[in-house]
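Next up: the same protein chain in two forms, each one alone, written as structure tokens (structure 1, then structure 2).
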Structure 1
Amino acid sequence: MPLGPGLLDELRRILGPDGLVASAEGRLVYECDMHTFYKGAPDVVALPESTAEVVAIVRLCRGERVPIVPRGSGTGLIGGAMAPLGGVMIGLNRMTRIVEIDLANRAATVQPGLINLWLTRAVQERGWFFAPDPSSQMVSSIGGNVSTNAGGPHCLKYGITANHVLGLELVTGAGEVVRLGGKVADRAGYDLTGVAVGSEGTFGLVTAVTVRLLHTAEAVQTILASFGSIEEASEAVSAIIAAGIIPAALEMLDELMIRAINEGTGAGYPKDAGAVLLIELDGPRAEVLAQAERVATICRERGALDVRVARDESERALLWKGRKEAAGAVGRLAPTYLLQDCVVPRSRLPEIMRALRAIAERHRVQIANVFHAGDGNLHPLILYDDRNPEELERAKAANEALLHACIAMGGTITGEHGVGLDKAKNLPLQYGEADLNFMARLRRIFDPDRIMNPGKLLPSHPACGEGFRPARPRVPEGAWI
């Protein structure tokens, strides 16, 4: 094992005999996140249960110049929670406590390993919920959501993770514990909480999160509207927003995705539709009923083939089951896919959909689409067979063309998944050299020795100063880029 026996002995002293995963087969479990294209197993996995243990591990690794890779549930889609250079992976899965529920201040403080959905389940009987709802919320950790600034279907109305994080406890790459933000709404000084959310483990490890809780809405109504084409559905999206209606969620699925979902989940989406909109409204009952009627009218005016309102909670859950399990259902269409989460301005949805079709034809790939139409956050799945190297290369070329198209339309390369290893090379499409230089200098304030998640987020530009290489590289130079 590349790590010295002294370091391993010290890790065992800090964590106890059950706090390390050191076997080859055990470490293999941690070699990738859900984006299995990028793989790299750590030299050892540390499983702390407290902030004090995290501090001790970081200080030990800093002294030995050993890279650290933070990891939550491993549900990320950017190659962010794998170890291209080996080193110590710090898994936060054992830090799952709800430290405090403070309904008087509409807040809760939790450890980073707490599963997203568990927090809502802990407060829902009292009429509260935690709004950020990535599709992986049944298994993704709140610490991981903070790391990538995750979104979800309901971020259209309620905002992404950053809008719901009030404070953080962070162990920096220097081994210092800093406490950022808090329950007070307006705090003096710089918004360091906002800076840390979305930093993808390059500043340090989040060991506690104080989040905002919201009241459960009085009424919820879910509508499924089908259209002959994705362009017609896109026009309906713009018309709904232009009418001053902000749905809690406004999702779109294309014909290929509808077929996969119907076969995989039995959600019963219309088989003859070129696209469907899944629209959810919530709020005071009278307002929701009036808005639902107006939304249905707008959809029909824009050529909807059918408008269906969920009659009860079970039908609503079935409609959402199809959306939440869309990525898994795609396995019926192809053995593998590349999933992106780029963004365009909402008004340019019809244009980017035409561009996607042209990209698919040019590179001879199939692209299934499911996305947060309300805020222009696309989730195209580029289908390919990984047993055929030529198909993989075509899928990768289509992926790059897609990102370039979104930037050209005034968009961004990520809306909620983050950058990680997957899109670091694309960051210069969006930022100039001065921007990247500033980000690199900010990163080094938190992580002066560049041991935190090296190779992620900012490795693609010489201005970034990403020069960390361990004394004994764990993989051949360039093999992980």
Structure 2
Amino acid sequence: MPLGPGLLDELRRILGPDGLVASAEGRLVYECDMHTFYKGAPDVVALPESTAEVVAIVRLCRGERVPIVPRGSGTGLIGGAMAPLGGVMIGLNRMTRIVEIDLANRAATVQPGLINLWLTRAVQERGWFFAPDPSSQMVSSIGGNVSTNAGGPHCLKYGITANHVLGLELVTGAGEVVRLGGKVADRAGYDLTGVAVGSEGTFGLVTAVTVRLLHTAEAVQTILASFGSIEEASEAVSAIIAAGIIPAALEMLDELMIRAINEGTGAGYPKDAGAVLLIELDGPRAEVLAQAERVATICRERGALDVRVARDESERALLWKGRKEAAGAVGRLAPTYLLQDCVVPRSRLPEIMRALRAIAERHRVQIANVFHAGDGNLHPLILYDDRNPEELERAKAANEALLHACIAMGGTITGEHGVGLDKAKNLPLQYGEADLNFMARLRRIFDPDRIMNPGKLLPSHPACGEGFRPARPRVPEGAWI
């Protein structure tokens, strides 16, 4: 829907000439996030530098019922920061200030456009860090992390973004600035901070975030164990957890992935390995040493072919190297892939891997696996050649089948990437009409006119529409009214 010239003038008045991207080629940069499947360029991109400017834009758009799409760094993997219906995209990447660092109170307040890693860089010399560490942390914004409730390899021990957000400044879809939560714990009222985290820009725009900072661990120990099969590696994972050890990270690679990585940069994983486990422990030195020894013993007992313990930082980096290059390495196997993010209960890892192999066979696709084994969060890469439309269709079918399999095992359709446009249609796999209806009504509290990131997160299903009431139990035949 083309915007009226009046609206553009108003935006220019609010933001100045440098604050807008209106040219066709300029807007093209913003037509998708990193799930490049879904394309939709906004009619204009607004680049505010303050909360006041954000408020002015939202009020203007609300008045004209123009859709708003927030965008951080655009590294999302869900079709989130893109504009399927056009409208105004609000890019937050000019709001990058660190407002306050208060180590004595273990907190920092930042603007949403700040890159995740920059916050850790600002405090690491004093021995602190910001725990959420999506693999995109060198490029993704904290506002984006908050809005997708991002995870990362180390969230097994440290939790996902929600566990580290103390407060937010939010400009709601109604154009109101609200301050939720803050540095002091124990607040009266509903935990609006908690539900706003992960709301993917459908409640409003996050314009400031107060986060918890943690003290850097005294010691880190990284172990690489290879196994003959995924089953054995999964058993080792269960045994580690059963021993009461919660590693900071517990990552697994499957056979196909190992092969791809070995053929590429040569991380030097054992050639005959059917699975590789990367285990990282951190904490007080004595704890890490004691646990590392036990983990190594457990892996050997479970039939590990090889157990390597990194002796220093450079060896540690080497063990991680292969894991970090996984996505690049599959490029050698196929031109492109669909990345999945579903979760199963950890104890069902062997079962889902069997199901996954069957799905790959049935749909004649290759699936390479690299995943957060500790919390059952899979990241299957379904390989296909995008020059062959039929192959894409098979990949898509395999993708859907995989989601169904995870749900059937009591899992969830997304563990950390989010829903966006990509999985909105899949939400009914996991939630009933009443559940979706509850969420749709929740959204309206923050965004009464539904201008915020429309089409994302919730399916456009009658269950979410106006006036729909899920079935209520009937009052028994009795007597009255």
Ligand SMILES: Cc1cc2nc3c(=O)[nH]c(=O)nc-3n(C[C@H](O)[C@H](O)[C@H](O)COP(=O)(O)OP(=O)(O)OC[C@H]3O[C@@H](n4cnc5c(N)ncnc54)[C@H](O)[C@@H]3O)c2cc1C
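Everything numeric in this text was worked out from a predicted model, so none of it was measured. Only the largest set of C-alpha atoms that superpose within 1.5 Å between the two forms is called the rigid core. Counting starts at 1 with the first residue of structure 1 and goes up one by one along its sequence.
As for origin, structure 2 is the form predicted in complex with this ligand and structure 1 is not. In the core-superposed comparison between structure 1 and structure 2, the C-alpha atom of residue 260 has shifted by at least 2 angstroms.
Annotation for residue 293: C-alpha shift under 2 angstroms between structure 1 and structure 2, rigid core superposed. Once both forms are fitted on their core, a CA shift of 2 Å or more is seen for residue 272 between structure 1 and structure 2.
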